[in-house]
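One chain follows as structure tokens, the form predicted alone.
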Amino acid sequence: MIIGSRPTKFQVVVDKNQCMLCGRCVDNCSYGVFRMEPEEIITNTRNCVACHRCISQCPRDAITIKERPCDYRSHPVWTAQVKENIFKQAESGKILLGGMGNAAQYPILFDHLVLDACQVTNPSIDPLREPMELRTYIGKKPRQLEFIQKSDTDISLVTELVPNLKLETPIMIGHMSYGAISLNAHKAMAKAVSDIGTFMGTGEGGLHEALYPYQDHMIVQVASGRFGVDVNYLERGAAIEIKIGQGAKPGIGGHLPGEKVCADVSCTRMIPEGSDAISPAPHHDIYSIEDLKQLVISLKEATEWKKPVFVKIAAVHNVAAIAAGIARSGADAVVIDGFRGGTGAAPSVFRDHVGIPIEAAVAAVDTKLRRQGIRNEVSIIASGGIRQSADVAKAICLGADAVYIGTAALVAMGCRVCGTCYRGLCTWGIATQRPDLVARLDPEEASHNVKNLIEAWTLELAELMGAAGINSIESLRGNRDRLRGYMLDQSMLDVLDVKPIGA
């Protein structure tokens, strides 16, 4: 053994004076950290991922978890994480995997943008006393409306309107597939969006029968693996999304390990039980915007032109030009997934080093579409790294019509963002298919939490709009004059098309 033992990332300590030997930590930890002995609880600290399930279940608050109790020698270049990765790959010779979004220390642009508020010359609006319009329509909008007057009192609309999604809040839940997360997690989110009047994505794992009651609020996804895709699947969704790329792993496909493909997942995805579900990096029938246009038209034909079709791409260097092409492909919305977008599993080198932040991507796309006069041809949905209501407001100011949230919804259900979703041992019953773990997540209770989160963010968004003297989400969209950059250099301000503070 050349490398030998390495510093542990976490240290688990059980206070013997507080511990009553109830064994809940042993029962709840699926990573094998705790072991019951006659007189004490023994811990195997190296197995800990800091999911905090043990802490949440301990009735005496006897457990503490310390991060990096004994770290590597500090060095400005050869950081602990760099050395840890080298050790792992020297031992395994394999690609390192990671869950959730980008974990590198890039500045978060949302935190360097501040919102405006009314003062003397223009009055603010009290959302508790005056109506606020947050209803959002996703899809193509006509350049102009034409009417015909049939009589003195009868006017009819001549312009043919294409199908749009009607959202009661500009917040949706993004695509997380059944297989990557549990059915109970899907049920909870589906019930929440149905109650609120918004939508969620199925992910590329098909649509389980248990979600049929909520299908009017589901966006079905067609990805490169085409898992679970048939006419029945397409017709059940309120909209269809073609997944070209994902912010957490631009340029590569996906891989659901066979251990997570149980009988139920195999039926929903239409693949053999226990087999790996591998999504190719490209769609093998799409190599140009013209190819994409054919798929968009095919999906619309298959659903009698009744469903809007979205196209999801990862935020990469030339995202604006790509989005402009998508707008001309006939798609109704483009979903842009920033490099902080979550995932169940991705190579760490992609997750942390490929792509660009959603703030810059949305601003660039909105600017490009406006300059080309095609902004009304397509809605923009921002995804990847939306953490709070202020991020929603800033994303809309930068040009988004609506946002997808993902990790925030999981956190509302108990997720501690430990980043080990790919192991299938999620102690909270979210990113797992193990029946005993899945049973820990109560769909009703989790649904209540997700609903509360979206409603709270919607209320805060209304308050932020009211403070800015805006009573309609339409007036906030692309309104970058309501933003100022704080501690951003001029080149970044130019990309965002935002003035600095004080200007």
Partner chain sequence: MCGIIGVIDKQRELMDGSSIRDALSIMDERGSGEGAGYAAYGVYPDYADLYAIHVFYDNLVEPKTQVEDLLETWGMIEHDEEIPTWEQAGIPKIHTPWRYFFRPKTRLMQRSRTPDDEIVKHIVMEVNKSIKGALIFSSGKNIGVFKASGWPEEVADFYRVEKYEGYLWLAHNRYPTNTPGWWGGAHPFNLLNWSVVHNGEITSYGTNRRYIESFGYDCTMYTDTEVVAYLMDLLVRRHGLTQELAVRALAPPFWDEIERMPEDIQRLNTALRLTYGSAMMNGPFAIAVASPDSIVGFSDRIKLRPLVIGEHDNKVFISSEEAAIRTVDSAIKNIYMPKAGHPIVGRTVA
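Since the model is a prediction, treat every value here as computed from it, not as a measurement. Positions refer to the first chain, counted from 1.
Although it is not shown, the form predicted in complex with its partner chain is what the next lines describe.
Trainee: In the predicted bound form, does every one of Arg6, Leu96 and Glu259 come within 4.5 Å of its partner chain, counting any heavy atom?
Mentor: No, the candidate spot makes no contact with its partner chain.
Trainee: Pick from Glu273, Glu130, Asp285, Asp230: which has a non-hydrogen atom within 4.5 Å of its partner chain in the predicted bound form?
Mentor: Looking at Glu273, Glu130, Asp285, Asp230 one by one, just Glu130 meets the 4.5 Å heavy-atom criterion.
Trainee: Which residue, Arg135, His353, Lys150, Lys306, is the contact with its partner chain in the predicted bound form, using a 4.5 Å heavy atom cutoff?
Mentor: Checking each option against its partner chain in the predicted bound form, the one that comes within 4.5 Å is Arg135.
Trainee: Under a 4.5 Å heavy atom criterion, is His75 part of the interface with its partner chain in the predicted bound form?
Mentor: Close contact is absent here: in the predicted bound form, His75 is far from its partner chain, nothing within 4.5 Å, heavy atoms only.
Trainee: Can you tell me whether Asp15 touches its partner chain? I mean in the predicted bound form, with a 4.5 angstroms heavy atom cut-off.
Mentor: No - in the predicted bound form, heavy atoms of Asp15 and its partner chain never come within 4.5 Å of each other.
Trainee: Please check if Thr159 has a heavy atom lying within 4.5 Å of any heavy atom of its partner chain in the predicted bound form.
Mentor: Yes - in the predicted bound form, heavy atoms of Thr159 and its partner chain come within 4.5 Å of each other.
Trainee: Is there a non-hydrogen atom of Asn318 within 4.5 angstroms of a non-hydrogen atom of its partner chain in the predicted bound form?
Mentor: The answer is no: Asn318 has no heavy atom within 4.5 Å of its partner chain.
Trainee: Just one stretch in 414-422, 369-377, 219-227, 76-84 has heavy atoms within 4.5 Å of its partner chain in the predicted bound form, so which one is it?
Mentor: In the other structure, the partner sits against 369-377.
Trainee: Which of the residues spanning 466-503 lie within 4.5 Å of its partner chain in the predicted bound form, based on heavy atoms?
Mentor: Contacts from 466-503: Ala468, Gly469, Ile470, Asn471, Ser472, Glu474, Ser475, Leu476, Arg477, Gly478, Asn479, Arg480, Asp481, Arg482, Asp497.
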